[in-house]
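Two forms of the same protein chain are encoded below as structure tokens; each is given separately, as structure 1 and structure 2.
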Structure 1
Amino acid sequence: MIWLLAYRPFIDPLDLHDAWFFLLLPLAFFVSMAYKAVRVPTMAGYWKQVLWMSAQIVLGMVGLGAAFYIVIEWLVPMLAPVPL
């Protein structure tokens, strides 16, 4: 419990490099919640719109990750082969 006294959140961030993808879902949800709270004209259907936008963000990030993986792992080696 003593080690919590010296924790500085913005100077010493948590080491979550191996589990960053677990933070994608809450980040997408809270960004969607804030954006839709400002942008919708009425609150009717607010949560449906928040969940739909959250799904779009998560699917977009997964799609971008897959696209960059294909480009970096397959296309770049074909375009610029490294001589042995």
Structure 2
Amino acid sequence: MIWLLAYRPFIDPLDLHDAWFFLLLPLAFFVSMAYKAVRVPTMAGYWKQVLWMSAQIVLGMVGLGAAFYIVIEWLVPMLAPVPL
């Protein structure tokens, strides 16, 4: 907590090295907010569209992460085992 004493918002970085993956949530929300404001034909149902797109981004990223984990941790060692 000592680092908080000298912390200057917007100038010094946040110490989020252990929780960086949670930063995907606001990222997805703000991207959806700006993109859907341009894309939707009417503003009726705008927030529903924003939440749906945010969920799609988050689920897509989780899916991609899982797929890459399977490829790197399981498939590649199975297909090209490292000789001992």
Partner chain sequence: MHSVVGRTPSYDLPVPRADSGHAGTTFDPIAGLLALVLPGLGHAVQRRYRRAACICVGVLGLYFGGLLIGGLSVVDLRSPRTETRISFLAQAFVGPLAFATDRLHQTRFKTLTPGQRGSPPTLAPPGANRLEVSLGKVNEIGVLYTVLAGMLNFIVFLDALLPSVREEESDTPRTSGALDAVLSKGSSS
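Counting starts at 1 with the first residue of structure 1 and goes up one by one along its sequence. Predicted model, so just to flag it, every value in this text is computed and none were measured. Heads up, when I say rigid core I mean the largest set of C-alphas that superpose within 1.5 Å between the two forms.
Novice: Choose between structure 1 and structure 2: indicate the form predicted in complex with the partner chain.
Specialist: Number 2 is right.
Novice: With both forms fitted on the core, check whether the Cα of Gly63 differs by 2 Å or more between structures 1 and 2.
Specialist: Shift of 2 Å or more: no.
Novice: Once the core is aligned, does Leu14 move its Cα by at least 2 Å between structures 1 and 2?
Specialist: Indeed, Leu14 is displaced by 2 Å or more.
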